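Below you'll find only one chain, the form predicted on its own, shown as structure tokens.
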């Protein structure tokens, strides 16, 4: 094992807002239906927790959920003001807020701009009414188009759109039409996620009882192939398994995760990763609020990763990116060489055509991207 050199100061701050107008049928994120009184207490608790982590040299801020814009304008203003008054905003290169159609208007868009937000992630998911109904979304196709227009007219020149493919009953033509429609909007960034049926969600129960057919895995693979080819041919660089960007518009915040670099998370259920130690806050929203109000820590879990575990996670996260990881960089980051830890595995995966090595950089091939989850398991 070689002496490692690891970044100790977190560049990324995540703020979790666990409120939605309505829970989507496929969602297993830590969220609940918006209640104004609870949200007011929650934002006050976030302000307090933010005070304890404000002194790091953050370069990115990401407010996600849930749906941050489900909150009233006054609550959103209070949160944005807390961020801008606590952090050195001159350092912040990318400041993202997640928005869902049906929760944003011109006033909220202006408020986000005033608060220093320079990037929006808009959760459209589908332009098909049948898909929106199945996914349990609150908006229509028209709402999605209107939300994008409001944000663009509000001055945002870094807009990302989330889409979901592979839902029950979706055809390849449906998906091609969604891709064509999103291109007509000309966003700077696209995230295209294959639907995962999470245990305990309403969608999982519907599939179990037979009221909704199980998504077809072969069709999902065809849609993934179509996505990569279609977007690559239309100016969007495929830089991570599910993410595509125009030149200069990769999501810096998420790249920090994929490089397995330190980050801080605040809010109910939020995770932090500092100095090789992973911690998480209590998930229950009221319990989180009560702990912070009482001056107690919200953290309920912590683990220190062994050097081997950190090395494995560094590799698996890096392989999500199409650029992969340089062998020298892996050694500097972890203290191990790829050969000593995974030589046989890498050789086998290369023979199978799932991985490649080019100019000292290990990466997933296109074939490997299609079975990425299985490839990653080889390094556990």
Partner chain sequence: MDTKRIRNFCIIAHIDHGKSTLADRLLEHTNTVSPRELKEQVLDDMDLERERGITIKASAVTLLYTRDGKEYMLNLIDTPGHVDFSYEVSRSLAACEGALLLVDASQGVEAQTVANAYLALEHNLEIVPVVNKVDLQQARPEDVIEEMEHTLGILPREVVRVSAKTGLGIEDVLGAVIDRIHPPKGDTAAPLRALIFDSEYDEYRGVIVYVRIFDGSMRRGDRVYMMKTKRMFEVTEVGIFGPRMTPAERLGTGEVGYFVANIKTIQDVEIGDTVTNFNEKAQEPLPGYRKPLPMVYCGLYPTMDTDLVPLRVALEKLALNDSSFSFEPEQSPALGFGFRCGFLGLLHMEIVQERLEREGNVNLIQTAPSVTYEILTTGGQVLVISNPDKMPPVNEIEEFREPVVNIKIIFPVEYMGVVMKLAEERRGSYKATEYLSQRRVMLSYELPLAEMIFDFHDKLKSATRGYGTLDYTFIGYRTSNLVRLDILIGGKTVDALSSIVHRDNAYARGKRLVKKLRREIPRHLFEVVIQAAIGSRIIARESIKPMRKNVTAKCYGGDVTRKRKLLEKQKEGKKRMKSIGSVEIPQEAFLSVMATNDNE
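The structure displayed is predicted, hence computed values, not measured ones. Residue numbers count along the first chain shown, from 1.
Heads up, the form predicted in complex with its partner chain isn't pictured, but that's what we're talking about next.
- The stretch that touches its partner chain in the predicted complex, counting heavy atoms within 4.5 Å, is 254-262, out of 171-179, 150-158, 203-211, 254-262.
- Taking non-hydrogen atoms only, residue 77 never approaches its partner chain to within 4.5 angstroms in the predicted complex.
- Looking at residue 357, you'd find every heavy atom of it more than 4.5 angstroms from its partner chain in the predicted complex.
- Shown alone here, residue 313 lies within 4.5 Å of its partner chain in the predicted complex, counting heavy atoms only.
- At the 4.5 Å threshold, heavy atoms of residue 194 reach its partner chain in the predicted complex.
- Against its partner chain in the predicted complex, the set 73, 146 and 286 makes no contact: no member has a heavy atom within 4.5 Å.
- This chain is displayed alone, yet in the predicted complex one of 293, 217, 129, 88 has a heavy atom within 4.5 Å of its partner chain; that residue is 217.
- Only one of 227, 243, 96, 103 lies close to its partner chain in the predicted complex, with a heavy atom inside 4.5 Å, and it is 243.
- Residues from 299-326 that approach its partner chain in the predicted complex with a non-hydrogen atom closer than or equal to 4.5 Å are 301, 303, 305, 309, 313, 316, 317, 320, in the order they occur in the chain.
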